[in-house]
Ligand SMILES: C[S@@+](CC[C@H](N)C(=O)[O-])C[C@H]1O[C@@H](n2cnc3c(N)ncnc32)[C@H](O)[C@@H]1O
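Take a look at this single chain, the form predicted alone, given in C-alpha cells.
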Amino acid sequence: MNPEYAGARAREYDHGMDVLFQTFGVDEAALREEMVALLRLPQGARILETGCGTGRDTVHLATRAGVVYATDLSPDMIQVGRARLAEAGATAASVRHLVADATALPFSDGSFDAAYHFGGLNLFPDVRRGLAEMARVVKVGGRVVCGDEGVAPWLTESEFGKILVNSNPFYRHQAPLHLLPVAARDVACRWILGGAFYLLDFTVGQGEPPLDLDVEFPGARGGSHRTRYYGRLDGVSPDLRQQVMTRAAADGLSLTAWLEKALAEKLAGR
C-alpha cells in the first residue's frame, strides 16, 4: 500500500472517532477514563493494549501505568498514536509501541497486570483466540477490559439499532460472552454509547472454576456431581429404574447409594 495513502487512511479513521462521540453526545475523555478505571490498576502496572489504533486510549492508559505496551497490526495507526502521545505530553509512563498480532502475542504467560482492547475486536479473524491471548499474558488476579460495536439485544429491532446497522454492519455484532476463556472470573457485560457498543471486563483466574465434585446430594436420587456425571449406567429401562427407586426408598437409601451397595455385593459374590 502507498505510504501516503495508508497514512491518510489512519488519519481518516482517527477523525471518524471525533464524529462517533459527537453522534452519541458523549464526552470521549470521560468515557475512556471510565473504561480504563475498570482495569483496577496497581501502582506501576504493566499494561498491554492490543489494537491501540491511533492512541486515543493509550493516552489515558499512560497516565495510570508504569509501562504500556501498545500494539497494533498497522504501523500507520501507531504513527498517528505516537504523535498524539507527544502532543498530550504523556510522560507519566513509558509507552512502547509494537506491531503485533493480537491473536498471537509475542509475550510470555503472565507478563502483564492488565490487558485492554477497545474498538477492533469485531475485526479479529479469531475472536476466541484474541480473548484467550489477552487472558494468557495477564497475571492471575489481573484484569481484562475489551469492547467494540454491538447494539444491545433489546435495541436491535428499534429504529436506533436499524439506523446504526444501516450505516455500519459491524453494529450487528453481539457481545462475545460465549467466547471468553474458561479462566474468566467476575465477568461483567455492559453497553455504552447509548447501547451501541458492548464492553466486557473480567478478572483472570486459573483454569476452570473450582468445584467439589464429591458433596452428596440429599433426596431420593442422591449421589454427587462426580457419580452423576462419571458413574451413569447405560441401558436401564424406565420400569427397572422405577423398581430400583422403590426398593431403595424401602431400604431407606438414595438411588445412588442403593445401586452402589447392590453392585458391590454382586461383584463380591454375595
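The first residue of the sequence shown is number 1, and the count goes up from there. If you're wondering where the values come from, they're calculated on a predicted model, not measured in any experiment.
Another form, the form predicted in complex with the named molecule, is not on view; read the next lines as being about it.
- For the options Val140, Leu177, Ala86, Leu73, the residue carrying a heavy atom within 4.5 angstroms of the named molecule in the model of the complex is Leu73.
- Interface residue remark: Arg32 is counted as part of the site for the named molecule in the model of the complex, having a heavy atom within 4.5 Å.
- Of the heavy atoms in Arg56, some are within 4.5 Å of the named molecule in the model of the complex.
- At the 4.5 Å threshold, heavy atoms of Tyr13 reach the named molecule in the model of the complex.
- Contact annotation: Leu48 falls outside 4.5 Å of the named molecule in the model of the complex, judged by heavy atom distances.
- Stretch 113 to 121 is the contacting one of 113 to 121, 157 to 165, 131 to 139, 188 to 196, since its residues have non-hydrogen atoms within 4.5 Å of the named molecule in the model of the complex.
- The three residues Met17, Asp101 and Pro125 all sit with a heavy atom within 4.5 Å of the named molecule in the model of the complex.
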